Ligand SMILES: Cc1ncc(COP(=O)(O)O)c(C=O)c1O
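Quick heads-up: it's one chain on its own, the form predicted on its own, in structure tokens.
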């Protein structure tokens, strides 16, 4: 099919919710992508922090193919082996007691919100308030878009569910003022990926956690983008030495196959009773077979590899600070943002980088976002960063 025909069909049939770039990929290998014209690209976006093993990973594709020949779906009315194995692997060595498997990050956060509500209903406590941060992003369902601290995402869908309130990110005083006896949970990201790759201050997270523990408030971390090794540790919260009650996962968990998870500990882990929550496709044998490969690889050296390459990428990108239109280079592991002044638009840089054969993402607040595969080579990082350096050197502002 010709690219022109593909775009015409998309324009005719697909709801206009995506601002697509003028590229159609056909296949990939490792950290390389190829489009309909045969052009090659270095993938520094990883499908928005999803493709942690890159493209066409032999072990991942073999596991998917083998499981597809056995069972793809049977429903959660029955047990299935890959699901049982995955739950054990996900919880093993962690602080968490139970897991619920679903299909996406939004669904994981939706499940976490329900779990929080049920926990206090079961205890007979009236705690309707859930506090999140300005600039946060928690999903596109009606509840998670309300939890998201960006009005542009929720405004068109009013009336919105009650009970959510937002406070400035990295502002503990504001959080402390908002928390009261009606607060059920505090939900935070340790890096706000969608708002510009903004890491949480160490003291902010530690103090927020201590506040929650002192007032009987559940403390939850949205790890949809930061979990599964993205920051150089299995979970992003591990950089802060805390023990959240609930975390949510998705993106890298399946290496590209849709899957999400809610992990909980203590009383929150057993709040749900049979029939109070569920999913048709979540935890199906195919997605669990894929996730098992991801977890196994992370526990057998890939996590350390991601951490080292994250340090290398940060070192390369930090050299961009010499340009007067670069405000900051920030992040952790293989999730790095380059924040630009208003003299240069991130969308223009992304387009020019794609033309030079490098895929880079945007994020809020005029930021370039980098979230490549953990398997990317240093040579590919060098090439991508060198091209960005050359582009910046030619940018006149």
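These numbers were taken from a predicted model, which means no experiment stands behind them. Numbering follows the first chain given and starts at 1.
The next section is about a form of this same protein that is not shown, the form predicted together with this ligand.
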Thinking of this ligand in the predicted bound form, which stretch from 295 to 303, 170 to 178, 100 to 108, 126 to 134 has heavy atoms inside 4.5 Å of it? 100 to 108
Check whether residue 189 has any heavy atom within 4.5 Å of a heavy atom of this ligand in the predicted bound form, and answer yes or no. yes
Wondering, does residue 119 line up within 4.5 Å of this ligand in the predicted bound form on heavy atoms? no
This ligand contact at residue 146 in the predicted bound form, heavy atom, 4.5 Å: no
Residue contact check: residue 225 to this ligand in the predicted bound form, 4.5 Å heavy atom: yes
Candidate from 255, 139, 196, 283 lying within 4.5 Å of this ligand in the predicted bound form - any heavy atom: 139
